[in-house]
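Next up is one chain by itself, shown in structure tokens, the form predicted on its own.
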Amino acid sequence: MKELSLNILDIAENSIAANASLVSICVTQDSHENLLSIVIADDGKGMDADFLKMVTDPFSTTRKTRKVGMGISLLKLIAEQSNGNLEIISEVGKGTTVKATFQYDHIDRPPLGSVEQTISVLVSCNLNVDFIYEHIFNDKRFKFDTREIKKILKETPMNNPDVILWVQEYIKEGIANITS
């Protein structure tokens, strides 16, 4: 994948497929430590120990439509090629946390990409799932939480075109404010 935001989308879709009602996504850019980390945590059904051991194998998947699952294995490869790693913690009935780390300035690290589009797609296509997106740049922090937005919107759905556009702009501006 050309942008890490597409990896975020893929892993978050795994969380949704695991019946998560809350998906937290945190991107941390630490230029002082030369580290980029992406953490995606959910409260889905989780994985048992046997499947967890095999989950980074592209030929291990729970999908019924095809016998290949490339998302996690690709993220692991990209992380390792960028002097980072991939860690997955999961417990049946509790959920899963996927953490990918990358050397921030590594030449092989793909760009983060359009996180605002990724989050808006997730939000607008999964109305029964709540999302928290947090972006940390050194000591500055931006947070987006659909639970707070839904309280304000009341009856207006998150997939309303005006809401989707607002979500994209709000996240894009929030990230720009902490990274500039």
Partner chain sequence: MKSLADLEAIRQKTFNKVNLRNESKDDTRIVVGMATCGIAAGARPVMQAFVEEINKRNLSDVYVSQTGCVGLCKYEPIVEVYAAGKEKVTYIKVSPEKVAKIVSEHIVNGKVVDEYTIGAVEK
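Residue numbers count along the first chain shown, from 1. For clarity, every value in this text was computed on a predicted model and none was experimentally measured.
One more form of this protein should be noted, the form predicted together with its partner chain, which is absent from this view; the next part is about it.
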- Message: Checking a candidate spot here: are Ile38, Thr56 and Glu80 all in contact with its partner chain in the predicted bound form (at least one heavy atom each within 4.5 Å)?
- Response: no
Among 117-125, 22-30, 38-46, 132-140, the stretch whose residues bring a heavy atom within 4.5 Å of its partner chain in the predicted bound form is 117-125
4.5 Å heavy atom contact, Leu52 to its partner chain in the predicted bound form = no
Practice problem: Although its partner chain is absent from this view, report whether Gly71 comes within 4.5 Å of it in the predicted bound form, heavy atoms only. | Solution: yes
**Message:** Can you tell me if Thr179 lies within 4.5 angstroms of its partner chain in the predicted bound form, counting non-hydrogen atoms only?
**Reply:** no
message: Residue-level question: is Lys154 within 4.5 Å of its partner chain in the predicted bound form, judged on heavy atoms?
response: yes
Across 150-168, the residues having a non-hydrogen atom within 4.5 Å of its partner chain in the predicted bound form turn out to be Ile152, Leu153, Lys154, Glu155, Thr156, Asn159, Asn160, Pro161, Asp162, Val163, Ile164, Leu165, Trp166, Gln168
